[in-house]
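Next up: a single chain in structure tokens, the form predicted on its own.
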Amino acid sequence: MSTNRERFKQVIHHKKPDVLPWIEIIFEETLMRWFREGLPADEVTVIGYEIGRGGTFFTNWPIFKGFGKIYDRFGCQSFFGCMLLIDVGPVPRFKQRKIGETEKHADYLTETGAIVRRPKRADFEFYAMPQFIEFPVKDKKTWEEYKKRLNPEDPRRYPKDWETEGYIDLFESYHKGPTLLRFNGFYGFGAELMSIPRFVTAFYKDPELIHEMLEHWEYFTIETIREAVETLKDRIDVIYWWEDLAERHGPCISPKLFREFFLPHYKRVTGFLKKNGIDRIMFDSDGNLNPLLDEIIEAGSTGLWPLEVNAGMDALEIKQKYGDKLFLIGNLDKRELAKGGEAMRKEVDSKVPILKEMGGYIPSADHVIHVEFSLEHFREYSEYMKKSCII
């Protein structure tokens, strides 16, 4: 019988496993609701089991966040599996702290240098995205200052025991899920530092700055991950490339801008990865990516997640058009799944059996298991999904 990691690798290489993997990401807010609805906390949480940057260089992400056994209980896998903890953010981090508040909101400086506003309500009845109200890079001057924190040679980027004897053996022995290396892509990097409106308009108003930022991000990315990539090579199962460059009605940039500003940098990074035997590169973006799929494939990406249904992404159409050029994860409409009953079964039946036969597909909600999922409906969904995933 194959391990979960082996099954994941078989699917993303367009082979058929003995059992189709099923993966999810469960929000902490959702778990808070489920605890109130009777989920026994002591059966799904792990206390004191943490693998962090100070020591070993990887983590099982849900265990790192405190809820490692929840996935085993329901029969699915965590999306994040075994995540290499290489610091690809600003070093040193900005010190997170509260910088102001009103009766209803509080403002915080984040570790990336942005300022966010969060509602004070904390009853876990809903999930609210923070409102970003200020970003650290506004022009060339602020970019030059920020760039000082993006030094790939900083020794703090790798865990303290990175070079100790036996770390590769430890890494290889970890089979709870796929091994991943995660970092921001070129759009995600710029938008996170400048805000979407300022970053996108700068393509026209200050293209020289954009070129300079993207050139540095290419250099920074390759040099930061170089030691891990050249040491572990294809022991890294998949690259998790975060972008979020689209909204419901389409991408935030045109194919023309993508080709002019991003494509050469993507190719050099993916070329470096593939030279070292890492050929599974997953592009993570919400929204409607359809107008950019040809460019994304040309850039070297071989997979997509989460394939948001509400934005018009259709895994069946993508599979029919691109075949084995892309492995696909997600595309089960979270809104329908959360309803339970016939709506949930109809959504699963309309996609999973067909995509399972086509290959190169791993079922998952088209993003996260959010707070609208009751415990009863997720249990029902999990039992139905386990039957659907048996080949």
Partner chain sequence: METTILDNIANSLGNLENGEKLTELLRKALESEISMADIIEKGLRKGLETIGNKYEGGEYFLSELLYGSDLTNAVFEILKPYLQQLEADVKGIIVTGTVRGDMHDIGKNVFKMFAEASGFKVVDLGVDVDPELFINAVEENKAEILGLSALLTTTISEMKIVLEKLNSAGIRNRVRVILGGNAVSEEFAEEIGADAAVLDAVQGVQLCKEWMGE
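Residue numbers count along the first chain shown, from 1. Keep in mind the model is a prediction, meaning the values are calculated, not measured.
Omitted from view is the form predicted in complex with its partner chain, to which the following refers.
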Thinking of 197, 291 and 310 as the candidate spot, does its partner chain come within 4.5 Å of a heavy atom on all of them in the model of the complex? yes
Contact test in the model of the complex: residue 255 vs its partner chain, heavy atoms, 4.5 Å: yes
Going by a heavy atom distance of 4.5 Å, is residue 371 a contact of its partner chain in the model of the complex? yes
Verify the contact flag for residue 247: yes if a non-hydrogen atom of it lies within 4.5 Å of a non-hydrogen atom of its partner chain in the model of the complex, no if not. yes
Does residue 235 make contact with its partner chain in the model of the complex, using a 4.5 Å heavy atom cut-off? no
Considering its partner chain in the model of the complex, which of 151, 142, 131, 231 comes within 4.5 Å of it through any heavy atom? 131
Among 226, 160, 105, 267, just one has a heavy atom within 4.5 Å of its partner chain in the model of the complex, namely 105
Region of this chain that lies against its partner chain in the model of the complex, out of 71-79, 200-208, 91-99, 317-325 [heavy atom, 4.5 Å]: 200-208
Heavy atom contacts to its partner chain in the model of the complex at 4.5 Å, residues of 97-119 in sequence order: 104, 105, 117, 118, 119
